[in-house]
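Consider the single chain below, provided in structure tokens and representing the form predicted alone.
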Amino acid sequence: MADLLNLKEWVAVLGQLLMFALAAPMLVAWVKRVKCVLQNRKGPSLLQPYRDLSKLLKKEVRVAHTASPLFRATPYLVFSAVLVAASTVPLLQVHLPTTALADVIVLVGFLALARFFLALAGMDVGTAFGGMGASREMLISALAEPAMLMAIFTLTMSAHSTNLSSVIQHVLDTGLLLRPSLLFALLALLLVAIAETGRIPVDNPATHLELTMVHEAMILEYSGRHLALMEWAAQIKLLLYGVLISNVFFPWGIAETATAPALAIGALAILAKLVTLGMVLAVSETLVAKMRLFRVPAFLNLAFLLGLLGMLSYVILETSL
């Protein structure tokens, strides 16, 4: 019976990974569609990202003569690292075997591992664009990771655990309360998510201008299935941050038991949250222009300051109650 239970649990984990991989392109398509509606343009179909990935997977891979084996292996490493990071974030239910073993520090570590190999691949071929994009990516990550950890530590201090399942369960148990610490942590994590996923105003995923691109500069030399894996990993990363923000700060509706009705309610809840979050992202990208690169440190310093204010407000206000 124990073996059967473990098998069922790991089937649930694999099902979550499959849902992350299949739903990620849909979230990107939804954001694009809402932006087109706001700009009075006819938007693409919600299935267009799937068509693009299918077309890239069927194309021949072309590799530069100066590329090393690391360049060829990086798409698989990046995709695997992002997918494993997604397995640590509860999607439909609170408790999973991977969420019991991995915490938020592991999540940040896997995302940093993917970024490390992505930057190496950008510099591997020796092009000017790749090196430029890698240096910019490292600058952004060096400022974004401390801000993210500060926001997460604010949450983990209240839950007394760095485990995401424990944090979500703590928020569910305490109910909806007005907490300045959670508000500051939410704002900090939103700014970090914008920077980490390469969205406006930090980066623009729809441009290839050499003076503005960051992520696109590192994958310019990729083609075929390698480019498909890179694009797919970026889409999963966007969904990962969306699920993280939705289920940690607004966990209502997530299944606490692995029953069919609870999982169905959890699926509807996370769908509604992601639809709302995608609309908010589309509106913000429509109203806000791309900022210049030298202003990005100030943007991320604001995120770190918000996370620090969240921690201080918890220590000063909530621990004394």
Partner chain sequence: MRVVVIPLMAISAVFAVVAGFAALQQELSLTATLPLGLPWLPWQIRLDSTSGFFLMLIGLVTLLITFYAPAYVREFESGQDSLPALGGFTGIFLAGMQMVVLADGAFAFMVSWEVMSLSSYFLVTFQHEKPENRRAGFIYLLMAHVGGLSILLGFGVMAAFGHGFAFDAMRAATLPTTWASIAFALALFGFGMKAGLLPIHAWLPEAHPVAPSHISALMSGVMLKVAVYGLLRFTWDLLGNPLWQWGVVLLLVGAASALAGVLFAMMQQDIKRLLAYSSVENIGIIFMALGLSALFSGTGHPVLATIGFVAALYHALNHAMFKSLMFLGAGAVLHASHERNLDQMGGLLRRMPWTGLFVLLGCISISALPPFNGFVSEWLTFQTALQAWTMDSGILRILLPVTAAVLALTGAIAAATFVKLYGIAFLGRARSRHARRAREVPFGMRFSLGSFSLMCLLLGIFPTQVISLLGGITNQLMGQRLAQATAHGWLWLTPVSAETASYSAPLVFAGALGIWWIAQGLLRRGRVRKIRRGDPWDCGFGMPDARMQYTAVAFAQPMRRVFSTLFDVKESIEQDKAEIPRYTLTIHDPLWYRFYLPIGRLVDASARRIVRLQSGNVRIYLGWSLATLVILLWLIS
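Being a predicted model, the structure only gives us computed values, none of them experimental. Residue numbers count along the first chain shown, from 1.
Just so it is clear, the following notes concern the form predicted together with its partner chain, a form of the same protein that is not shown.
Practice problem: Consider His95 of the chain shown here, and say whether it contacts its partner chain in the predicted bound form, taking contact as heavy atoms within 4.5 Å. | Solution: Heavy-atom contact with its partner chain at 4.5 Å: absent for His95.
Practice problem: Would you please decide whether Val84 lies within 4.5 angstroms of its partner chain in the predicted bound form, comparing each non-hydrogen atom pair? | Solution: Judged by the heavy-atom cut-off of 4.5 Å, Val84 is in contact with its partner chain in the predicted bound form.
Quiz item: Are any of the heavy atoms in Asp124 no more than 4.5 Å from a heavy atom of its partner chain in the predicted bound form?
Solution: Residue-level check for Asp124: yes, a contact with its partner chain.
Practice problem: Verify the contact flag for Ala12: yes if a non-hydrogen atom of it lies within 4.5 Å of a non-hydrogen atom of its partner chain in the predicted bound form, no if not. | Solution: No.
Practice problem: Go through Gln169, Thr162, Ser246, Thr197 and name the one with a heavy atom inside 4.5 Å of its partner chain in the predicted bound form. | Solution: It is Thr162 that has a heavy atom within 4.5 Å of the partner.
Practice problem: Scan Leu47, Val37, Ala64, Ala264 and let me know which has any heavy atom within 4.5 Å of its partner chain in the predicted bound form. | Solution: The residue from Leu47, Val37, Ala64, Ala264 that makes the contact is Ala64.
Quiz item: Tell me which of 111-119, 234-242, 247-255, 198-206 has residues with heavy atoms within 4.5 angstroms of its partner chain in the predicted bound form?
Solution: Heavy atoms within 4.5 Å of its partner chain in the predicted bound form occur in 111-119.
Exercise. Taking only heavy atoms into account, state which residues of 217-243 are within 4.5 Å of its partner chain in the predicted bound form, ordered by sequence.
Key: If the 4.5 Å heavy-atom criterion is applied to its partner chain in the predicted bound form, 217-243 yields Leu220, Glu221, Arg225, His226, Leu229.
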